[in-house]
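Encoded as structure tokens, the following chain is the form predicted on its own, with no partner shown.
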């Protein structure tokens, strides 16, 4: 699997910029009321790489992450491109109002000038929190970024429990998501969009033992942004 290669016209100004080497502290904070993030993938990588491209079809590796939280495919592709990778810094799910910190030093790999972050959002069918290839700041200081929730467009948002395997309907419900979600939903009438887009939010219902959705509307609905990323240049 290859990561998305950005158009030459877009790269012209980026690639002419000087490379940078610095120590970075990257903190990811979950801003939602009741959504959990699966193990995060945080990476500093070259400017001609991107984990996803809004408006375009998702790669199989992005699909695996967005539908089941599997970051191995994206991580492997980043590694092949010489990126700096940090997997699962929170040691599991990152819950509402929780934060996790990552330290990145690109002294030995100064071409890794961009930062990308992804993780599946639970409970959703194929929703994910995504920071798409933001240029790392060069000057010392602290920088804040609001991060959106995206829909991979690979699975219909039927909002029922399932395996979380790519191509199979339903969302996984591990740990605290299992106890907070409903059961026996009949499913929301939805279609596969076919492209990555800003997530429309979940619908949910208030019937924990039935109804159309296994997502609880009073707990799991959100408004963008869903996360805040703080980068400190040391």
Partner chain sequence: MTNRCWFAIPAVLLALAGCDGVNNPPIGPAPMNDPEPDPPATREFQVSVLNLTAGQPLSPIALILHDSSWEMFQLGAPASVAVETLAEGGDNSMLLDEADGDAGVVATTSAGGPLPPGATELLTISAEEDSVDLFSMMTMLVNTNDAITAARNISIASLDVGERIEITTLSYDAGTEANSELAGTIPGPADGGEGFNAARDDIADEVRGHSGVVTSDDGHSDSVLTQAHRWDNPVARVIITRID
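This one's a predicted model, so the numbers in the text were calculated from it and none came from an experiment. Residue numbers count along the first chain shown, from 1.
Below, we refer to the form predicted in complex with the partner chain, which is not included among the displayed structures.
- Contact check for residue 179: every heavy atom lies farther than 4.5 Å from the partner chain in the predicted bound form.
- Residue contact check for residue 103: none of its heavy atoms lie within 4.5 Å of the partner chain in the predicted bound form.
- Although the partner is absent here, residue 198 sits close enough that one of its heavy atoms falls within 4.5 Å of the partner chain in the predicted bound form.
- Not displayed here, the partner chain is kept clear of residue 128 by more than 4.5 Å at the level of heavy atoms in the predicted bound form.
- Segments offered: 105-113, 134-142, 90-98, 67-75. Contacting the partner chain in the predicted bound form at heavy atom distances within 4.5 Å is 134-142.
- Here is the short version: of 60, 54, 167, 175, the single residue with a heavy atom within 4.5 Å of the partner chain in the predicted bound form is 54.
- Within 4.5 angstroms of the partner chain in the predicted bound form, the stretch 65-83 places no non-hydrogen atom at all.
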